[in-house]
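Next up is one chain by itself, shown in structure tokens, the form predicted on its own.
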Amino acid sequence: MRKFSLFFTLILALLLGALTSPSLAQASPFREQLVYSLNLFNGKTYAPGFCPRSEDTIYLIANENNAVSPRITLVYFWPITARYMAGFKTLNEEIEGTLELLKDGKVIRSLEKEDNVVFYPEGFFAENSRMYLDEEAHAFLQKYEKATKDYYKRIDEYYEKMREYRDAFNKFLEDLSKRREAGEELSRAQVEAEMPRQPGSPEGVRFYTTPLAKNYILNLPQGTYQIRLRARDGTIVQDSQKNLVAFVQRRGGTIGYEITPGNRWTMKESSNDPSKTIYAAGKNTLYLRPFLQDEYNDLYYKKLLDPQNEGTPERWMWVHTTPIENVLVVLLSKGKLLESIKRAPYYVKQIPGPELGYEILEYSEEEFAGRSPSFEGHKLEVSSVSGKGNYEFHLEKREGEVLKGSEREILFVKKENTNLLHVISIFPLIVGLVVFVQRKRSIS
């Protein structure tokens, strides 16, 4: 007991020493620095970010509009994530000048800032968006502003109708009470027919357009370039030189799936290769979302998402781009059709209690009024004990028209005799223990 107390005291002293050491106690210093603020297309939408002084290369997808803007801001190193962070809310100074684009050391283009917006056709939290420039940018912004203005007008009208409805409903209750007191017999159907109808709330604006911005727009063919900022006085702005890599996908337009297991809603998986099998055990509920997908270089794409990321130039990765809609998921077993499944919305409901579980319910506007669906997908219910064996599925645009590359196979892993695996895993430990005992005996 005394030894344990001494050991605990020693550990506590080490922890206190580490926490009070100057290197950890000292806050990360803020340094004023020129960075490139980025809004880059990632294959399906636009992802904001920044490139600090520590990174010498910006990666972007070729033949797409990408926005960059040199800014003076405060940069600090965050040890927890091992990344440089930008304090744009504290300092965000725009630098005026001309952005020069170079190829093999020669200036091939001088760029001025352009008006731009990002348009989200299905709302800000949707998965797809496009960037529009100049006149188109102003047109999309005006469209959104007009739709928003009309929506607020409908809201005002809705509040006025609700006020009228409440007055009418109170009067209806008073009249109903008087009629019953007078001895009038009213059926339920008659009461419901005379009851005032509550007005429905107006539908919100489904699309979204970002506020107008002015940035340098890079839309480049595949290749390597350099950029630098030339100030109005003709000098090159210090630390504005960056390399630029515009890359394209190796393969595109194939079909991949996002798979949400019913028992692990937050642990989504992917099936991007038709030759790879989906494994399951026991009874499973799988929610499928089919996508068009592109294959990008691992290093290039991760650097696009964040210039401070690391990647492997020899590896390739699939990126889901556009959701595939208006299709059926056709489920088969041994070549026999089991079910054709439409896409449907679902709502994830938390289960109260200490276990903090959840259940996935079919969404309906009547049942979940005022709440949006948690996700949409094609629901597959498969089981290894149903007597149907393994499964296959594919997508059909129309009856009999199978989308090429959408085929997948589901195989079930048997759970019989799994205890043998535990015995096999313990075997090396037993061998090591025997060797240890023998050596100890020989030494003694």
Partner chain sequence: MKKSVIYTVAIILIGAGCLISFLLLAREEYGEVKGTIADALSGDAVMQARIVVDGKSTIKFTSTSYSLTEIPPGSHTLEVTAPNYYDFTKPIQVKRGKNLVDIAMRGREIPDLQGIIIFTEPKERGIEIEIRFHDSKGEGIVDYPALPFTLEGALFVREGTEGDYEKGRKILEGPIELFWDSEEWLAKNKGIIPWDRIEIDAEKEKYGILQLVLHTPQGDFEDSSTDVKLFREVK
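Since this is a predicted model, take the numbers as computed values, not measurements. Positions refer to the first chain, counted from 1.
Same protein, other form: the form predicted in complex with its partner chain, not shown, and the subject of what follows.
Residue contact with its partner chain in the model of the complex: A168 places no heavy atom within 4.5 Å of it. The shortest heavy atom separation between Q238 and its partner chain in the model of the complex is within 4.5 Å. None of the heavy atoms of E396 is located within 4.5 Å of its partner chain in the model of the complex. V248 falls outside the set of residues with a heavy atom inside 4.5 Å of its partner chain in the model of the complex. The contact with its partner chain in the model of the complex, taken as any heavy atom within 4.5 Å, belongs to A231 out of L176, V348, A231, M162. Checking I108, A147, A126, L91 against its partner chain in the model of the complex, a heavy atom within 4.5 Å turns up for just one residue: L91. Three-residue candidate spot L332, E392 and L403; no residue lies within 4.5 angstroms of its partner chain in the model of the complex by any non-hydrogen atom. Residues with any non-hydrogen atom within 4.5 angstroms of its partner chain in the model of the complex fall in just one of 72 to 80, 361 to 369, 195 to 203, 319 to 327: 72 to 80.
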